[in-house]
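Here you'll find one protein chain in two forms, each presented separately as structure tokens under the names structure 1 and structure 2.
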Structure 1
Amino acid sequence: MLLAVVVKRAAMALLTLAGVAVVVFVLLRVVPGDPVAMMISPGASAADIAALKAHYGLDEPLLIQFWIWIKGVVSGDFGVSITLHRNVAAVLADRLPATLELAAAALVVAVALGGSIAIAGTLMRRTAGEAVIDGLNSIMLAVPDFIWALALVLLFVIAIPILPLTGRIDPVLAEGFHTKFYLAESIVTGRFAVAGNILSHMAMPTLALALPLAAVIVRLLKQSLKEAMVQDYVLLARIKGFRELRLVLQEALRNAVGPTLALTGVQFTFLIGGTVIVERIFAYPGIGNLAIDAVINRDFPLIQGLVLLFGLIFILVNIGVDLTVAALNPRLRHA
């Protein structure tokens, strides 16, 4: 039964990616602007422009261009970046690990922070402390990630200069890695000083991304906990003499975490998309920063590869969340 569900979701994923491919290809050709005109020197002749268009296949009819691109995508060839002059797949493979590590760190911080605040708010329900938590959470929810990024720069770079502003790692330490997952590799190999340097570079962008997501988690989890605390099984445990903290953690939390897990998984995909502006502010070398450069330079192959990558991540995360929620919920699992 599970295999049938996975196969069905995989088929839907392929159809979704096909639709994304068509939309992004058409939109790029409709939006004004010629990438070749941005590359060529002002004194170039018409023959030079024609030759450059032919080199990148931009002189073919749109249907032919789309067919050539799709054939390449199916075989793993996303084309060559117009501005970087490198294979798009190789460029994405270089940049994706940095964004995944940043997004994963932000998710961990958001879950830890949001979960702790939600539990504290539940323990302090119907008190002044709950009102303070709700007010602070509303501020966290209202402020977007790039504003948090700028505020953190003012605090930890200008007012109290204790954190590095740009980059992923100090250049002198960026040697000897076998993968692009610098943080994970440095921890696994025991290079904790290097890991500390990486974390110091990640601290501000991680916190900027985590705070809005933490606010979303607080709002949903706190509401779910509030509903769970009036259920019969919690009331029975209270009669047995369970303390309030044990009631929340042992009885209410495990039944309230399902909706929060589902929302957090969906928000994780938006978290990766949100890295675009935050990575730009901190000059962080991930796919978010790369996406801005690609759009500015009208780099058709790179933009197309990035959009397909974002679409694939979104689909895979949603499938993973659905299966996880079903596995944790017996009613959904049997259904």
Structure 2
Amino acid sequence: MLLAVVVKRAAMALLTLAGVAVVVFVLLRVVPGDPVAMMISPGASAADIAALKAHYGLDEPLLIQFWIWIKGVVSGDFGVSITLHRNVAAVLADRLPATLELAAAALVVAVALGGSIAIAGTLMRRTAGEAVIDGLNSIMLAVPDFIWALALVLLFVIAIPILPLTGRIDPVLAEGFHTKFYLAESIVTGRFAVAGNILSHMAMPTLALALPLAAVIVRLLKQSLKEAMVQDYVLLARIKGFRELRLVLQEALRNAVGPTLALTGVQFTFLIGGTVIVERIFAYPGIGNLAIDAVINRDFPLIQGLVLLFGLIFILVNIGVDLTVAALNPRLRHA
């Protein structure tokens, strides 16, 4: 039953993705703005331009271009990037791990930070501490990742210069990796100095992405916890003499976490969308930064590949959220 729902939603999402791909493909080619014009040197002749267009298949009719592209996508070939002169799939494979590590780190930080603030707020309910948390959180809810990122730059690069401003790792340390998952690999292979260097580069972008999500988690989880704390089962546990912290963690949290989890999943897709601008600010070499360059340079094959990749990530995240929520909620599991 649950599987059927997930399959249905995945099919729906794939259909959406295909639709988006078609729309992007057509829009990019219908509007003015010639990608070839951006690549040629000022002295190029008309023949040079025509040759270049033919090289990238841009002289074919729209339908033929689309057919060539779709045939390639199905067999895993997304074409060749016009600006980078490399296979799009290879470029994406190169850049994706950096973004995945960043998004995963941000999710972990957001859940840890948001969860602990919500629990602290619940323990302090009806005190001045709760009012402070609520007041700060109402401001944090309003501030997007873009503003956090730049505020962190002012704080940790200018006021207290302890973090590197750009990049993913010091170039001298970037040698000798077998995969592009630098952080995971350096931890697994026990190169902790390298891992520390990577983490210092990731700290600001991670925090900028995590803080808005943490604020959302605080608001919803704290509300759910407060509601759970007045339920009979918590009262019963309280009569048994359990301490307040244990009441929150063992009794209330388990019942209150469901809605927060579902919302965190939805918000996680926003977080991934946020990597686009945050990676840009910190010159972090992920797919988000790549996407802005691709759009500015009108690199059609690369834009199309990125759109499909982002769409696929969103579908996978949504399915993951559905399954997690179902696994933690027995009522849905047997539905």
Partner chain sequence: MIPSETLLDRAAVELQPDTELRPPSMASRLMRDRKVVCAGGFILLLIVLALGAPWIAPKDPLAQNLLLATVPPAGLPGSEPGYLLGTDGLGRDVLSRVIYGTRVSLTVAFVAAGLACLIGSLLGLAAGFLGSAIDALISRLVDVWMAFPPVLLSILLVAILGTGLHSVITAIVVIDWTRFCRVVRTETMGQAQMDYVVAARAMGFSRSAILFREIFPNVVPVLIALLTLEMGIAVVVEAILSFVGLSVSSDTPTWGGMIAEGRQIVHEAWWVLAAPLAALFATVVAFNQVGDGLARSLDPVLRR
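Think of the rigid core as the biggest set of C-alphas that the two forms share within 1.5 Å after superposition. Residue indices: 1-based, along structure 1. Here the structure is a predicted model, which means the values were calculated and not measured.
By the stated condition, namely the form predicted on its own, the first structure is the one that fits. After superposition on the rigid core, the Cα atom of Leu312 is displaced by less than 2 Å between the two structures. Core-aligned Cα shift between the two structures at Ala13: this is 3.5 Å.
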